[in-house]
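Taking the form predicted alone, here's one chain by itself in structure tokens.
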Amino acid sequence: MTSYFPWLTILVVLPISVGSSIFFLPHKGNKMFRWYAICICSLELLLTTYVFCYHFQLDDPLTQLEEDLKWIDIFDFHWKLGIDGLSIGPILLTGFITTLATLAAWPVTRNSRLFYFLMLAMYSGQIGLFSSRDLLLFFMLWELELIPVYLLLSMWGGKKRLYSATKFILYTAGGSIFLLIGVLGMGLYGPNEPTLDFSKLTNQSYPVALEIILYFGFLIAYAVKSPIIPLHTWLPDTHGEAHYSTCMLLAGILLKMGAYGLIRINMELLPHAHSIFSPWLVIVGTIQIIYAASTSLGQRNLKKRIAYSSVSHMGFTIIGIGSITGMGLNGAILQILSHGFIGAALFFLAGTSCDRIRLVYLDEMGGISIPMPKLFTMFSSFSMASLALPGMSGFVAELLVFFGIITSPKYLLMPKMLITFVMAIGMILTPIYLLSMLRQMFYGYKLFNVPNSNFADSGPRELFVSICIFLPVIGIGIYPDFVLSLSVDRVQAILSNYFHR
């Protein structure tokens, strides 16, 4: 169906275009810029929800709300947008987390105009990426993300912010080179005229060697973004230095772009290569769960510990994508959304608590639970959600990935048992590092005995952000069909490629 009203173009262009007028506002203190940015984010979120409720049919697995405008005629480049069950979840997650991250950035006072503009520019890029239906457009929006994140890191970070920002840009720009080569190779190879349109590329077949090379190129770009070991080392540095509202965007949305690209391009457009590579994805995913969980246990820095927990949780997504079953892939998509909420909340709470007590290292903390009971309650709740407590979203996602890999017809019984066993060890390590983090921060008497310690507990703004993120985590945990119903038809359509060939 072709929509006559350009809903998606409005959703993509609105934040960056309206956000750019923040520079022309009269300077009457930072409050005005904050409210302006929050109003734009809220308006965008309301529009997204409206479009989703009234213009999106759940039972239709095809691309909806398509818009196709010719942009550059000479090499057939189109502004082509469209959403389906796979992209609607990440788009809603983007709107939700960005709005809350803008609210979380309230204490930022230095160059606040530029800060909020960069957040809004990221917002546009992310929604555009999740709804683009053209390879070159996908690549351009993928690149659009780099500049705001680099500036947000290098201007509003910690002491080693320039080092971590440079590391981030080198890693992601290096990955993007491979992405560009893959995009060009895919677009230029074809019996007829070169095409970059997703719907035409779905039916294209390649020589096996070329398909494997293209797949590998895309895989490197996504391995940097959604970190897959060994290309994950930029993540702990970046998260350790960034302001916590930037961390919310990084953990909540940026990491999800890699997993989304893996499903959208590698699984849909290169199915032969994916079935060759999928055992390796599963192996890397299991190693990643164990490795990141054990590394996390050795981190003294609170934010780095949570960053390694993100790497560990993305391992489940990779295993779900590699299992090539409906259950596994649905579990991977659910894990993308679930970790988007939980990761963002943990970084937000870690950032606010570090701001309060002026400490970053866990072994210097202790005994905060008595002066800060609200913070303690929220932190404990989200840690439980992160270690996949039943009744919360992480549990459903990890359970689906487990069932997906066990029921997968692609693997033999012994490898499946081995992988499941190793994943189970990873799920035992997760509570160990999270609960030891809680113990070091909140229990004991260290900070409680410090003279003149006046630690303020979480204020209404922080409680509002935390509760807003906590509600979907509980909601998805109790009734996961609310999210699974979005993607289930689309997942069947993707997997039909694998069993019909």
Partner chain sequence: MEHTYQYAWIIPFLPLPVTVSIGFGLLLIPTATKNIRRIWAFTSVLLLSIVMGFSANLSIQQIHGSSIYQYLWSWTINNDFSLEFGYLIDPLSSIMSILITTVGILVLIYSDNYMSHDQGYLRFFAYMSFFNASMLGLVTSSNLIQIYIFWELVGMCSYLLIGFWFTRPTAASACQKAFVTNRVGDFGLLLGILGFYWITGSLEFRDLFEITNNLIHNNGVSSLFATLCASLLFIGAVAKSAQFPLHVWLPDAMEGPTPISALIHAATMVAAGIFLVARLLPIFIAIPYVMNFISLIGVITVLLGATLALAQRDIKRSLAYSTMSQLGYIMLALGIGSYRAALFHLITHAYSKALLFLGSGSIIHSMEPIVGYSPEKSQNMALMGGLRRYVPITRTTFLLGTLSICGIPPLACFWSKDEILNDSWLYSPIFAIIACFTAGLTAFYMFRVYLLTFDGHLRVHFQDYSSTKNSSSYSISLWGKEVPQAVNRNLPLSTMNNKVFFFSKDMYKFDNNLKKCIRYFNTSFEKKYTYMYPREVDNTMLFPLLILVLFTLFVGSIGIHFDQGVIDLDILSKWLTPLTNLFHPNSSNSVDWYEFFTNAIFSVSIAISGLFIAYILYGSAYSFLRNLNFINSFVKGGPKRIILDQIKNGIYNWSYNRGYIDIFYTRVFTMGIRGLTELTQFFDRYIIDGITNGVGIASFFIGEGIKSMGGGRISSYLFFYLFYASISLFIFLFFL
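Numbering follows the first chain given and starts at 1. Nothing here was measured: the structure is a model prediction, and the numbers come from that model.
One more form of this protein should be noted, the form predicted in complex with the partner chain, which is absent from this view; the next part is about it.
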Can all three of Tyr291, Leu387 and Ile406 be found with a heavy atom no more than 4.5 Å from the partner chain in the predicted bound form? yes
If we define contact as a non-hydrogen atom of the residue within 4.5 angstroms of the partner, is Ser20 a contact of the partner chain in the predicted bound form? no
Wondering, does Val488 line up within 4.5 Å of the partner chain in the predicted bound form on heavy atoms? yes
Touches the partner chain in the predicted bound form: Lys167 (any heavy atom, 4.5 Å): yes
Any non-hydrogen atom of Arg439 within 4.5 angstroms of the partner chain in the predicted bound form: yes
The listed residue (Leu463, Met32, Leu46, Leu58) that reaches within 4.5 Å of the partner chain in the predicted bound form by any heavy atom is Leu463
Checked Ser275, Gln204, Thr420, Thr109 for heavy atoms within 4.5 Å of the partner chain in the predicted bound form; positive is Thr420
Could you tell me which stretch in 394 to 402, 218 to 226, 277 to 285, 149 to 157 has residues with non-hydrogen atoms within 4.5 Å of the partner chain in the predicted bound form? 394 to 402
Quick one: name the residues from 343 to 371 with any non-hydrogen atom within 4.5 angstroms of the partner chain in the predicted bound form. Ser369, Ile370
